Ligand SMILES: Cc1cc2nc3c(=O)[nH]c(=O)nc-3n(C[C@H](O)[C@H](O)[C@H](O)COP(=O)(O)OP(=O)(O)OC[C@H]3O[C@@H](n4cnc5c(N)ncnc54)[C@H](O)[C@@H]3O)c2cc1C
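Let's start with one chain on its own, the form predicted on its own, as structure tokens.
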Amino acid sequence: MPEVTIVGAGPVGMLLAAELTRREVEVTVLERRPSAGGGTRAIGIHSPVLAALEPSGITERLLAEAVRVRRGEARTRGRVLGTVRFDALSARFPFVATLPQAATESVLAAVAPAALRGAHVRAVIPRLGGVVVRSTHLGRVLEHESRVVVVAGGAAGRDLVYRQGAVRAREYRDRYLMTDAVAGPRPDSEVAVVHLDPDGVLESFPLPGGRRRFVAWDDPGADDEPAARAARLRDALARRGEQAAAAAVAEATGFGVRRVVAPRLRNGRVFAIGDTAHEVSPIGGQGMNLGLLDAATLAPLIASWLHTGTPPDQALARWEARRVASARRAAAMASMNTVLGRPFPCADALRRSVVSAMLTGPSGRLFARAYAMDFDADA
């Protein structure tokens, strides 16, 4: 029987599997998706995560494929309101590394055990001395018993570990459009740009290969047909001077956001990490990083437990408190970013003044630290 069963083979689950395997813990990973990648949104890896993964060699592999974003700019109507300087921070990695989530998963998969794909987990059942994970795979019912179970299956895994109604979710009214597109040669090819205009935010992040990730605020009541979504995103790009990218947009995905912060991450031998336990708005790009730090800091505690036979309860309680506090902090910042990104046709001048003041002088360094996750409890 494996010592640990991990539910979910996204970046968070695969990082935990890799870190436990490195510590000589036998791991089984169950994943409902038949293949990796597809439909994912996270692209940025922040400095605290890069520092945490450096001893394993994962950071070096990630940076070999990533763009290093050392600066971000807030703009309105072509004018720079303020600059976030990641390269001015006292950090081992003074930048945000950006690469598609599928590439992140590929790097992690190379150092983690292969996942059993197509496995739909139906129940997590604590038993004396262990936990049973019941799933269906190719029409058969499977039961995996292990000493510890970690659910890292995103929002879909929440019902496996929390009672209905035990974790409150706040649904935002905001909707967004997203695409990755070739942006063409440009002087700011390695600069993250946030356009704050009266009709809402447009975020633009560098990706490898001359591509950029674009995320635009969208009218919640707008036509959700694929062609209509793509047309609205092309228009949003063209209005911000992104004509080359607008011409390259063939499709756009639409998504909403919500805020979830579970007060507990552990129940005996069962843990919840990543989006299963805390879900924050992607505006600000901290959700995946929260989960990666969950995994990186949990792995040595689980390994110690299994190697010694004694659960490090005090250390696990401190870990849980740190991760919940970090999730609350990130969720609060994501909420602020979401509000700032909404259309404010009647108060746009006020917003410009607020953002300019936030990103200027001593407060600018403070916000750079916040956006770089320097205030995470495990940074």
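Quick note: we count residues from 1 along the sequence shown, nothing fancier. This structure is a prediction, so every number in the text was calculated from the model and none was measured.
Another form, the form predicted together with this ligand, is not on view; read the next lines as being about it.
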In the predicted bound form, do Gly44, Leu160 and Asn289 all put a heavy atom within 4.5 Å of this ligand?
yes
Distance check, Arg33 to this ligand in the predicted bound form, heavy atom within 4.5 Å
yes
Using the partner position in the predicted bound form, report whether His120 sits within 4.5 Å of this ligand, counting heavy atoms only.
yes
If we define contact as a non-hydrogen atom of the residue within 4.5 angstroms of the partner, is Met178 a contact of this ligand in the predicted bound form?
yes
Should Ala156 be classed as touching this ligand in the predicted bound form when contacts are defined as heavy atoms within 4.5 Å?
yes
Heavy atoms within 4.5 Å of this ligand in the predicted bound form: which stretch among 193 to 201, 271 to 279, 298 to 306, 242 to 250?
271 to 279
Neighbours of this ligand in the predicted bound form among 182 to 203 [non-hydrogen atom within 4.5 angstroms]
none
